[in-house]
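Quick setup: one chain, the form predicted on its own, written in structure tokens, and binding and motion questions come after.
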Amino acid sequence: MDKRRREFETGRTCARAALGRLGRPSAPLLPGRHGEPRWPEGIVGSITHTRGYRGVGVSEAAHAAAIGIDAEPNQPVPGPLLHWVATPDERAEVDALLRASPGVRFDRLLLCAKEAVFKSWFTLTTRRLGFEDVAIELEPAPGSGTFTARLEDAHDRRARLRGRWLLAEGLLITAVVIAVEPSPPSAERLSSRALRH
């Protein structure tokens, strides 16, 4: 329990430092109903922690609608966990990628990518996704790459998300940033544009 509390506290310390870089005053980040950090008004962010690493991503809400980050050790997924979190197609893709690039634990990367998607989607919609609700397609490159997430929450416009991943110092790090959608032009702006033409 002490280890988990220390991870929680150091994650929040990193978050306050990140907010300071945005020019925001230091303030406690209280947990929401589901344990998620409640960011100050006008801020979106995400926190991750694993053994020996804490990470935070923050942005002004004017620039990003949601952020999700996750970090995992570049080690095999323990036991039968992959069968619980991955579809048969995902497992087949992971097997092929592991044969082609054995230095990257793509099984763990798949889990890490899903976690980043979960965090960003919850920030955006306050809806929780299950592992079966997200299908990940990994796109590798040496030491880094991208991924695409297809969500079963298909009634929403953002049912397809793009993310990035990185392998550095024995850690797999994933990030998803959901862009702010441009506002549709107002009727007043449309009228004035029509009058000018």
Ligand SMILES: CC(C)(COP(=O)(O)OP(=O)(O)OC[C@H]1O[C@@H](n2cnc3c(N)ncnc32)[C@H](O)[C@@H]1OP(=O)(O)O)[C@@H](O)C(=O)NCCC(=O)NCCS
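Numbers for residues come from their place in the sequence shown, where the first is 1. Because the structure is a prediction, the values reported are computed rather than measured.
Omitted here: the form predicted together with the named molecule. The next part is about that form.
Although the named molecule is omitted here, in the predicted complex none of 97, 107 and 142 has a heavy atom within 4.5 Å of it. The named molecule in the predicted complex comes within 4.5 Å of a heavy atom belonging to residue 134. Under a 4.5 angstroms non-hydrogen atom cutoff, the named molecule in the predicted complex lacks residue 60 among its neighbouring residues.
Proximity of residue 152 to the named molecule in the predicted complex falls outside the 4.5 Å heavy atom cutoff. Using a 4.5 angstroms limit between non-hydrogen atoms, residue 164 is distant from the named molecule in the predicted complex. Only one segment in the set 86 to 94, 73 to 81, 123 to 131, 99 to 107 has residues whose heavy atoms sit within 4.5 Å of the named molecule in the predicted complex; it is 123 to 131.
Residues 114, 115, 118, 119, 122, 123 are the ones in 92 to 125 with at least one heavy atom within 4.5 Å of the named molecule in the predicted complex, listed in sequence order.
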